[in-house]
Each structure stands twice: as C-alpha cells, then as structure tokens.
Ligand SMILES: Nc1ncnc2c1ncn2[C@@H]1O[C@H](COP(=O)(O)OP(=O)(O)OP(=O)(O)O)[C@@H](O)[C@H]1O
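Okay, so here's just one chain, in structure tokens, the form predicted alone.
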C-alpha cells in the first residue's frame, strides 16, 4: 500500500439530544492511501455520514463531543483553526459530494456560476478563467457546456449529480468524500455515475471515501471496504476479501440481503434493529441480532482481530476459527 494520505485514529463524535449524549462514532480508526477508494458501508445510523462531516468540519451545532485525531498529509484536521481549515484544506485538499444533489445548489443561481465560485473566492482566478475552468469540468463529467447557463431545477437527477461532482473538483482536491451519491438515482444512471467515478479515480489519481448502504455499489468502485455497525468498524479489509470471505456475521448478513441474479434463494433480512447508542448492549454491539452469538459475546467487547493480510474483524469468532 502507498503512504496514507489520510489517517484517522480513535475518532469519537456524540450529539446532544433530549435523552442525553448520543454517540455516532465510538473510537473509529483507519487509513487511506493515495489513489485508493475506501467504501464505508452499513445500515442507516451506523455513523457513516458523521464520519464525513467530522472530517470536513461540517458537524451540526448540537455536537457534544468531538475527539480523536485525523491527519491529512500529516496535518491535524481537527486541531487547526477554522480559518486555516477553510483556507488550506476545505475544497483545496478535500471536498465532499453531499447526499441529495438538489440541496447542494442555490436554486436561483446558474449552475456554472456555482461551479466557478470557489475559483473566484478561493482560487484568485479572473471571471474568464473561472468560467473556462467550469466549462472544462462540465466536459470532464460528461455534461455539455450549455449546462453552465442552466438553473439546477432544469437538470435531471443524474445531471445534477455530475454537476455537483464538477463543483467538488474545481480546486483539484486530492481526497473526495461521497455521501450516498447514487441513492436517489435509477439503476441506469447509477451505473453511469459509477463509471464516471472510476474514470476520475484513474485519470486524476483521486483518493475516495465512498459512503453507501449498498455493498454492491461500493464493490464496483472501492479497493477496500469498511463495514460499520453502531458507531464502530465491524470489519475492514480488501474488497475481494470482505466480499468473498466475510468474517463478521453482520457482513455476511449484509451480503445475504443482496438479490442474486443467478441464484433461486431470495434475499435474507437482518433480524432485529440497530441498538440505541445512548444505552448500547454490553459486550459485542451486534450480539442481540447475531445468529452466531455465544457466551462470551454479551460479556466482553471484541477489538479488531486480524483475520488476513490487511483484513480485520471485530468478532470473537475470529479467535476460534482456524
């Protein structure tokens, strides 16, 4: 693996609620190499979006705890001042494509002007230079130049998603965070967007964190997969290893929930519901739903246990498997 561009260590995020502090991330650690795509997968509420918002320093006002360390090219993202982060990191080194492309746009401004704006405000470009670069980026994401003059409501869902990608790439960041970028699109447009992301990764050397609940979508792009459950990493490893040799029962159930084209067996469902993280289960957080739970599971919480090269599982079964 190349030297990591991003290193996250023991990241913790909790939100203030009427019922007390609600942990969204509880000691998450991982690294991302230059040019690598990491898929963060899991059910809603697992902490995936909180991870991206914490890295971008865009967490909502009701954050009650933000702790741990996140370094981008050796720079402490959480420790630097707001001004330094805005000036040196956000959109220059790291950008984000948010879930719901329509909400990312100002509805009364033309699409091209919104793509060009960071070049004017942060990049020091002239209006002509910013316009030319915005048109070039529209072409990079396979949109015609005339989209520059359109308003967001005049674009289809897939076109809006591509335009948001162009907006995120305008200052040439090295790391791109994508939060469910295909969830509102039909399968044909999803495939087009995924092909576009693979081209951008290859041609621009982008590092990518791809957040999704859909393991199948993530497997099309990502070099590694990190399966999240209840604010923790349940399993992380090379995509092929996680998909073909899943070691955590939750990962197996996620994969079993996918429809299969060449099998008669129907998709399975995951029993139960994710826990209330204000009062999480003792021991392993997945044990109330786990079909393979045994006596140790509710008593002790496992750490990440190595099960292969670069492949870890947060499950006591990993210790007893040959």
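Because the structure is predicted, anything quoted here is derived from the model rather than measured. Numbering follows the first chain given and starts at 1.
The next section is about a form of this same protein that is not shown, the form predicted together with this ligand.
Peer 1: My question is simply whether residue 29 lines the interface with this ligand in the model of the complex - judged by any non-hydrogen atom within 4.5 Å.
Peer 2: Taking the distances in the model of the complex, the answer for residue 29 is no, it never comes within 4.5 Å of this ligand.
Peer 1: When the contact criterion is heavy atoms within 4.5 Å, does residue 213 count as touching this ligand in the model of the complex?
Peer 2: Flag for residue 213 set to yes.
Peer 1: Residue 280: heavy atom within 4.5 Å of this ligand in the model of the complex?
Peer 2: Looking in the model of the complex, residue contacts with this ligand do not include residue 280, since no heavy atom lies within 4.5 Å.
Peer 1: Although the partner isn't part of this model, could you tell me whether residue 304 comes within 4.5 Å of this ligand in the model of the complex, counting any heavy atom of the residue?
Peer 2: No - in the model of the complex, heavy atoms of residue 304 and this ligand never come within 4.5 Å of each other.
Peer 1: Counting only heavy atoms and a 4.5 Å cutoff, which of 45 to 53, 29 to 37, 66 to 74, 265 to 273 contacts this ligand in the model of the complex?
Peer 2: In the other structure, the partner sits against 45 to 53.
Peer 1: Here the chain is shown alone; which of 117, 133, 220, 180 has a heavy atom within 4.5 Å of this ligand in the model of the complex?
Peer 2: None of the others qualify; the residue that does is 180.
Peer 1: Give me the residue from 99, 190, 196, 174 that has a heavy atom within 4.5 Å of this ligand in the model of the complex.
Peer 2: Answer to the contact question: 99.
Peer 1: Need the contact residues for 60 to 93: heavy atom within 4.5 Å of this ligand in the model of the complex, sequence order, or none if there are none.
Peer 2: Those in contact are 60, 62.
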